[in-house]
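Consider the single chain below, provided in structure tokens and representing the form predicted on its own.
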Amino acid sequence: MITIRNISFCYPDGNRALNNVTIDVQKGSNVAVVGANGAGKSTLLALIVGLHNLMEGQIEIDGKAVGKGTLEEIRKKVGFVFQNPDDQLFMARVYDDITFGPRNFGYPPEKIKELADNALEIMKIGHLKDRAPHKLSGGEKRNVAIAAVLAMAPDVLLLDEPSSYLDPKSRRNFILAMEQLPHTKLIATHDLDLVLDLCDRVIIMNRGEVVADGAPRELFLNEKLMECSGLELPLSLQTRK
């Protein structure tokens, strides 16, 4: 579903955020991307949806190359949940934010309502639909932001630090919801315990490069790899090591 071939990217200040990254993500899989701050995780997700112009290499979504001429089509297939929900929510009501995407896609009213109601149910936030987003807690905003992306019915979900702001119950609800969804998911996160709960594959990045790719538990128990990548052992493995 996602094919990334030899991509590199530099910011205008000269910071080389990605260096010759190659990744394949199969349809329906849950894949995590982890690494210390500055490893390139967020930049990678942004490039997949065309928020930055690709400098080197190629990205394809379901066989379609990401580029200026294909962004509209790509963004119908790929839903991106930003790291900060305040970057994503801007309407007067939660319900208006959740229906914004389907309305802009030109769906008929009955389809918009169906998609919005389904997203509200998945994220268990029906009680928030008439609230003002700017008056919500950080965790509530996070759930609304995820619901707004789900309402666009994408094939692929890109989630940047999705468990941030969530309390333990909301975090568990998020994991349960993601387990039930058939979407292809690429999740950039510092929450390594979430990776163990949700993902069958993890990609470890360090200074813009992929340094390991495999089963989460196996890689997380590699002390040398974790130390070199600036990562700590997940809490759930610390007493079982």
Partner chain sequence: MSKLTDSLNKIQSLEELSDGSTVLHRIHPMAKMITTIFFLVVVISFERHQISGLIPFFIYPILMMAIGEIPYKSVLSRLLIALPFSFFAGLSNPILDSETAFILTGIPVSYGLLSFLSILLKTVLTVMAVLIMVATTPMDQLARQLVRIRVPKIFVMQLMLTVRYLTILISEASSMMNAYHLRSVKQKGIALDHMGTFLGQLLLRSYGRAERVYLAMKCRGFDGDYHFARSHSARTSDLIFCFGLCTSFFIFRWCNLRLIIGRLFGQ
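Predicted, not measured: the structure shown is a model, and the values here were computed from it. Positions refer to the first chain, counted from 1.
There is another form of this protein, the form predicted in complex with the partner chain, and it is not shown here; the text below is about that form.
Though the partner is left out of this view, L54 does not reach within 4.5 Å of the partner chain in the predicted complex, counting heavy atoms only. The closest heavy atom approach of G101 to the partner chain in the predicted complex falls within 4.5 Å. Taking the partner from elsewhere, H127 is found to have every heavy atom lying beyond 4.5 Å of the partner chain in the predicted complex.
Taking the partner from elsewhere, V49 is found to have a heavy atom lying within 4.5 Å of the partner chain in the predicted complex.
Of the residues given (D167, E73, E114, D86), D86 alone sits with a heavy atom within 4.5 Å of the partner chain in the predicted complex. Contacts of stretch 129-153 with the partner chain in the predicted complex, defined by any heavy atom lying within 4.5 Å, are made by D130, A132, H134, K135, A148, M152, listed in sequence order.
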